[in-house]
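Before any questions on how it binds or moves, here is one chain, the form predicted alone, in structure tokens.
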Amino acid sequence: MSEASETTVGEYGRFGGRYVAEAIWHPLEMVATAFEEALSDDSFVQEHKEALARRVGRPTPLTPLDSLSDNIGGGRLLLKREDLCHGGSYSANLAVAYALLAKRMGREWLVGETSTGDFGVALASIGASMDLGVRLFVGRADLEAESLNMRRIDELGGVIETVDTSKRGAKAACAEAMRYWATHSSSSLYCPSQLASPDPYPRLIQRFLSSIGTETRSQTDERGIDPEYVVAPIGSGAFGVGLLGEFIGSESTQVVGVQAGGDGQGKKHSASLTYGKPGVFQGTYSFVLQDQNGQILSPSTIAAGLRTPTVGPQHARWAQTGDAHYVTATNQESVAAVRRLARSEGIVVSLEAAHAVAYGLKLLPTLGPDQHVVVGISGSGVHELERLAKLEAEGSSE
């Protein structure tokens, strides 16, 4: 079975699928049908394209880092700048798609979850612009840690539902959001930020974030560049599937996903593709951090956007087939990458994106002057500056 045919049924080899309670199956099937019909509607496709330009700011630039590349020596580093999207992250691209699909389905509310707050800000912003209500489920620990973004959500008119959990990350919030949607599916659309979700969301997310990868391919072609590596940070993997998907199967470009290695000792991390085992979690079959009894382990990383015990099924499939290579970067490496990029190029990236930058910096000295590394920047780190200062003072440990 080809990769294309696997995607149409929501499965990627043995990964993916729709493992949910019966009450959610029918609402998911309705979303799948609406998604497929929308893609065959030229007016919807055009409206989506125009909204990305008008509301998100596409195309985003591919920025060469000449100063940093000269200083390190070896290859040349370029950044795909999703931090310059409306709201400061790639999340706005997905929020636009959800809002347009909700309008098409006659839904009045967007229901989702957020941990760093970036996706919540994007959903609340786009929802407000399209006269849609937005309800976001947030873990109590994230609500307290990301106060600036939560304040932005409130100002944009988003309704925040606090989930009583002391652990950071989207796990509990995802469960509550889906539980709420199961009883409100006639008036609302479930809008997960996590690629590790039941079908049709993994294929929906890949399709609606694919502009990141297609733009990158076009921009490198315009520069006469055939990159040696394309690198993206991988938590659940939504941003990564958008960027890396365009380069899967390339004979000349190596595709790399960087997960959170945490303390670097294999004890505290969020590296599901390195240390996880196949299992069902959040409605899909993929690699999951779990103990020998199948109990889900708590992920650990300084980057809230990478703090998840599982990964989307596309990445599980690509890891299995060797179409993509997955590595880790530590907390310390990521903090150092944020600082180096800020002081050499004047760009402040999120701790999530810094994991990919850290690996990109390692690659440069191994390459020649005519070889290139493209690193995807998933979001800005401006809202993390206070936390970053605290982490540096504590030695970059969680």
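Residue numbers here begin at 1 and follow the sequence given. All values derive from a computational prediction rather than experimental measurement.
Below: the form predicted together with a further copy of the same chain, not depicted.
Trainee: Tell me which stretch of 369-377, 33-41, 355-363, 50-58 has a heavy atom within 4.5 angstroms of a further copy of the same chain in the predicted complex.
Mentor: Heavy-atom contact with the partner occurs in 50-58.
Trainee: Taking a further copy of the same chain as it sits in the predicted complex, is Ser187 near enough to touch it, meaning that at least one heavy atom pair lies within 4.5 angstroms?
Mentor: It does not: once a further copy of the same chain is placed as it appears in the predicted complex, Ser187 has no heavy atom within 4.5 Å of it.
Trainee: Hey, in the predicted complex, does Val327 get a heavy atom within 4.5 angstroms of a further copy of the same chain?
Mentor: No, no contact at 4.5 Å.
Trainee: Counting only non-hydrogen atoms and a 4.5 angstroms cut-off, does Arg140 reach a further copy of the same chain in the predicted complex?
Mentor: Close contact is absent here: in the predicted complex, Arg140 is far from a further copy of the same chain, nothing within 4.5 Å, heavy atoms only.
Trainee: Check whether Met105 has any heavy atom within 4.5 Å of a heavy atom of a further copy of the same chain in the predicted complex, and answer yes or no.
Mentor: No - in the predicted complex, heavy atoms of Met105 and a further copy of the same chain never come within 4.5 Å of each other.
Trainee: Decide if the three candidate residues Leu100, Thr214 and Arg317 all line a further copy of the same chain in the predicted complex, where lining means a heavy atom within 4.5 Å.
Mentor: Spot residues vs a further copy of the same chain: no contact at all.
Trainee: Within 4.5 Å of a further copy of the same chain in the predicted complex, heavy atoms considered, which of Arg76, Arg152, Arg203, His269?
Mentor: That would be Arg152.
Trainee: Counting only non-hydrogen atoms and a 4.5 Å cut-off, give the residues of 56-71 close to a further copy of the same chain in the predicted complex.
Mentor: Residues within 4.5 Å: Val56, Gly57, Pro61, Leu62, Thr63, Pro64, Leu65, Ser67.
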